[in-house]
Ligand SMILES: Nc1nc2c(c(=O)[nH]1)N[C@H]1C(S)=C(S)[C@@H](COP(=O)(O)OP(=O)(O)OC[C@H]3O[C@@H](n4cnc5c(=O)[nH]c(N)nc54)[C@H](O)[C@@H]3O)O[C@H]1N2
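The data below hold one chain only, encoded as structure tokens and taken in the form predicted alone.
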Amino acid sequence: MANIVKSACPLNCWDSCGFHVTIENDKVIKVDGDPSHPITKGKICGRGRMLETRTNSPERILYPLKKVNGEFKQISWNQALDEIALQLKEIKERYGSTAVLHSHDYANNGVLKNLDQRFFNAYGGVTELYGSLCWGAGIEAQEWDFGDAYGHEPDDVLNSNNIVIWGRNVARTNMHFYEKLIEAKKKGAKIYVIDPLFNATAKIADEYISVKPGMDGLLAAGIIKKILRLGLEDREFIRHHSFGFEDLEQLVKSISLEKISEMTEVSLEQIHLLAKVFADKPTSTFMGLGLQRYKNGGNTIRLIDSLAAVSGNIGIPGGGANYANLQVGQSFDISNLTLSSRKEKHRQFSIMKQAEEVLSSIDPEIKMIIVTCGNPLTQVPDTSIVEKAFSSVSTLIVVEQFMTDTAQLADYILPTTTSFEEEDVYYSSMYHHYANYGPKLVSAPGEAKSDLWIWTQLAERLGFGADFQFSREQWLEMSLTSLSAKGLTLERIKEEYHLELPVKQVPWNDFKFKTPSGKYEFTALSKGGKGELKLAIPEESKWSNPVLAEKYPYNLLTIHPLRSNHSQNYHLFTKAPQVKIEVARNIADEHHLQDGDFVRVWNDRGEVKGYLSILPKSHSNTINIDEGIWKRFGGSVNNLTSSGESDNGLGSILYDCLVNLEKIT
């Protein structure tokens, strides 16, 4: 008999939804939304529903695999774990523990996924990754400005007179916020969308402003300049609650509005309009992640933050420079799980440049890579270098559910469970401030095991098994220690399935910031001479590299796919996916192209081939290819992207990418 139970979405997504999962005969039959969830209210996206397909897929890897003479052979867990543990011992003895690289990302938002850090710390400390392919430059930028990256709670947008959606297609990536925008509009709020692509969110906007890719920070500087020219700045906030405003003032004086208009390809009239919008408080700003994926990404977010600050939209209901909400994750006691004090050695590689660093590493060289919660062969920029690096090490171990591009290269594949086959607590630091409980619902097929089981077994073989002798419930209680003291216990979240975390719903409303000065910092004191804002522009543009732009005249965007969370779902589609190359109308006209034409996009790093789709409305000279598509389906778009780092060193520059295009006959 079928039974409907509550659960939660594990995906690295803005919405972090509550689920109703139908179970029959120890099998997931259907995934629906939980109507009782206070934010997601029973509505979920196709990516969440596809977790049923993911769990039941016949393509799942069910047994440990070892590559022998170029082919995968099924082996026992004992053999796999014994051989891997022996190699880990030998590597540590001969080369030191940092000869092991742990390559990881954000495939699952479960609290207990942090226990991989406990394993590697207890092992002695390995080479780890820093930065983020996804949002790192923006997080670091807001820490310079505010001292941390905090966002307003979802309902606060209903207090806004104006809502600016900047580089963020919430209709595709944040469906419950999209519904909130419609509600706010019915209440009288005006919506403004700033984006190179006219997307589904732009369709509900009162005004759409098309901006040249990567020039968003310069546009923010232009709006600030116009606000100051019109005398619309909030002098009270600037005088009493900020530091370094004079530096910003001098910066915007160094460039004319006409030059800003020329470079951003936004009209002077629209810059004037946006100055009026920000001055008409409260105005809330919601930034996407793509606009900081450029060399100038940190400065871009800081200039948009500065715009919100100059106009007095910080610390007030209905305002905010909303990018992330790290206070959600900070509610958990992750340090209780990770045993960082056990780390004897430590080395870090940039997540963006991990491939180059593997190839050039010395003292010690990387001898083993262990991949968890990620598919770097598809997701890490400059794919050809990544493939070379991951093929170069003595042993590549991939903890996976499917034969991904990365798994294809592995020496050992360790099959792991899906979220419905293990218990965890899930949260996202991107939109709302509720944590969700996901119980174990069904048995894992074959011999698939949880990540925690794998770490526990390896720890026993390596001599620190006592560090893992806790039940799953005890691990969760460790992570909730501080919350339990406030009455937010594991028992309560198990009973209610969602728990409101004790966060500030309107950040900075006391105007006490976490910066060295205690104020909002237009110039970051902690960074010395590097803390001043700059009118920075992308590394690959006609303004910074005209020779490159002559050869490769088109801006490439690589936005999130509609039906897959990064690379996780492409192999599960009923119909095999194809690479779709979306182009602005002017590009199609220049090359005499029509929808469906087979085309090649290329630059000095590589090429991608696919089928053309003409964008009905987008910024000129702009191309988009959705990220995440597997090699077997024609991907990855990261054959084209750069592994460079953002100006503050913590973000990718995936969108800082010029390309050319031609029809294939």
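Computed from a predicted model, the values in this text were never measured in an experiment. Residues carry their position along the shown sequence, with the first being 1.
Same protein, other form: the form predicted together with the ligand, not shown, and the subject of what follows.
Looking at 372-380, 518-526, 484-492, 150-158, which one sits within 4.5 Å of the ligand in the model of the complex if you count heavy atoms only?
Going through the listed ranges, the match is 372-380.
Verify the flagged residues 140, 285 and 532 against the ligand in the model of the complex: is each one within 4.5 Å by a non-hydrogen atom?
No, none of the three is in contact.
Flag residue 54 as yes or no: does it have a non-hydrogen atom within 4.5 angstroms of any non-hydrogen atom of the ligand in the model of the complex?
Residue 54 belongs to the contact set for the ligand.
Although the ligand is absent from this view, report whether residue 650 comes within 4.5 Å of it in the model of the complex, heavy atoms only.
No.
For residue 196, is any heavy atom within 4.5 Å of the ligand in the model of the complex, or not?
Contact with the ligand, yes.
Is residue 601 a contact residue for the ligand in the model of the complex, using a 4.5 Å heavy atom cut-off?
No, residue 601 stays farther than 4.5 Å from the ligand in the model of the complex.
Would you mind picking the one in 358, 593, 211, 462 that has a heavy atom within 4.5 Å of the ligand in the model of the complex?
If I apply the 4.5 Å criterion carefully, the residue I get is 211.
Contact residue in the model of the complex, from 261, 350, 87, 108 (heavy atom within 4.5 Å of the ligand):
Result of the distance check: 108.
For the stretch 596-629, which residues lie within 4.5 Å of the ligand in the model of the complex by non-hydrogen atom distance?
Residue within 4.5 Å: 627 only.
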